[in-house]
Ligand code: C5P
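What follows is one chain in C-alpha cells, specifically the form predicted alone.
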Amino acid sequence: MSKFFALIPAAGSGSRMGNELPKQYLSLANQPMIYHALKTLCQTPEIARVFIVLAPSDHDWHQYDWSEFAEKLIVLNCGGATRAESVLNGLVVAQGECIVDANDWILVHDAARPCLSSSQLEKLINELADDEVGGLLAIPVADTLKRSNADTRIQQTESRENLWQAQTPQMFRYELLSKALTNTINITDDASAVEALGLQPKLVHSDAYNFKVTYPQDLALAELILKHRNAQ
C-alpha cells in the first residue's frame, strides 16, 4: 500500500519580509513560524514521515527545540537555489536512504503557510488517494483581476471564470513528481511541473485561511487565525 510523506522546502530567505532572520523562523504565536505547519503535518496519522529541506548553511534550525516531532521529522540539509531544486534534492536524498518508494505520495507544503488545518489536510488526502495524477489545495479567485501596463495603469480586466488560487500542500506520487521537477525549470509550484508533462492535477477546494505569509502585516493575521483556532 502506498504511504504518505510530507516535504517542506525551507531553504529560502524570505527577503520580502524585510528581516535578516529567514522567514520560516520569524516568531508567530510564540513559536518559529514553521513550527505550526510541522505540528499539523506530524499530528496527521496518515503521514508516515515529514521531511524538512534546509539550506546547507542553515544555522538557525538548531536554536529551537523540535523534540516533540522527533518520531516523524527528518531533517535534510540539501536545499538548493530555488524551491523546485530544494524539493527535488529532498526527494533524491529520501529515496537514496530507502525511505520512499516510487508510488508513495509526497505532499509538498510551504513553510510560510502556518495556518494549514488538519481538516484541510485530511480532505486533500481523501480526495486524491485514488487519483491517477494528484492535485493541490486551491480556492476560486473572488477578487476582480486587473492587468496593468508598464506604467501601472489598467490595461484590461481579466475574467475570473474558472480561475483558482493555488495553495499547498500539493500532492503527487514520488516518481511522477521527481520526473516533473527534473524536466522543468522556472516553475513556481509543483503542479506547474506536472502540468508541463501534459497532465491535469485536480483542484481540491480549500479556504482562505491557508494563505501564504509574504509580507510583515501577514504575520498579524496568521496570529489571529491560530489564536482563534487554539481557543476553540
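Because the structure is a prediction, the values reported are computed rather than measured. Start at 1 and count along the sequence shown; that's the residue number.
FYI, the form predicted together with cytidine-5'-monophosphate isn't displayed, but the following is about it.
Listed residues I106, L128, L116, A112 were compared with cytidine-5'-monophosphate in the model of the complex; A112 is the one with a heavy atom within 4.5 Å.
Heavy atoms within 4.5 Å of cytidine-5'-monophosphate in the model of the complex belong, among the stretches 57-65, 22-30, 177-185, 192-200, to residues of 22-30.
Although the partner is absent here, Q95 lies well away from cytidine-5'-monophosphate in the model of the complex, with no heavy atom inside 4.5 Å. Looking at R83, you'd find a heavy atom of it within 4.5 angstroms of cytidine-5'-monophosphate in the model of the complex. Residues of 200-232 that come within 4.5 Å of cytidine-5'-monophosphate in the model of the complex, judged by any heavy atom, reduce to K212 alone.
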